[in-house]
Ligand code: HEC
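Just one chain follows, in the form predicted on its own, and it is written as structure tokens.
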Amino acid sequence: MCTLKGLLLAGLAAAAASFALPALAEGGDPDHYGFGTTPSPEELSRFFAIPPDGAGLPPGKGSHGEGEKVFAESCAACHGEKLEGIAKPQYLGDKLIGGRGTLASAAPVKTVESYWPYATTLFDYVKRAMPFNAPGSLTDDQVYSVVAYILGEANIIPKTETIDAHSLPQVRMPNRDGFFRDPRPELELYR
């Protein structure tokens, strides 16, 4: 007896085969199915991940003073005026600073200051995911500035320091040594 689900699955399999079989029959590459295009560098630039060494950080720079302004306009509604976090149900913005030395305690406080091992991760996260109501809407200079503001308020960098693609990877986060490499050797196969 045929079911609707079975018919749909059969239809999908037939559609996939109609794309794959002509390419294989013509001696084509099995990974080429005759549709799609190679993305341009501009299209790929929307997808990024900034590693600890800062590879791929965009040009630009930011200061604590500029970051304070951007934070007040775009971040404080969720994270609080003093980066203390907001626990109201409609916001639930995390606390961003404080908590050093609490991770091994009964009440750990996970913040940028206490938990994050690399400052480049902070740039990456803010650039892609913040502000919550308009992710990715901040310019690179605004992201550098917000990062400078957060790091300055956490006393990780001097509030007078300007950060950019060269200086950000050099920032030594307070808990950088609180992490260890995953010892499973098979993980190297996937990197």
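Start at 1 with the first residue shown and count on from there. Everything numeric in this text was worked out from a predicted model, so none of it was measured.
Although it is not shown, the form predicted in complex with this ligand is what the next lines describe.
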**OP:** Quick one: find which of 56-64, 138-146, 41-49, 154-162 has residues within 4.5 Å of this ligand in the predicted bound form by heavy atom distance.
**Re:** 138-146
Original post:
Can all three of 94, 112 and 133 be found with a heavy atom no more than 4.5 Å from this ligand in the predicted bound form?
Top reply: yes
**OP:** Look up in the predicted bound form whether residue 74 has a non-hydrogen atom within 4.5 angstroms of this ligand, and give yes or no.
**Re:** yes
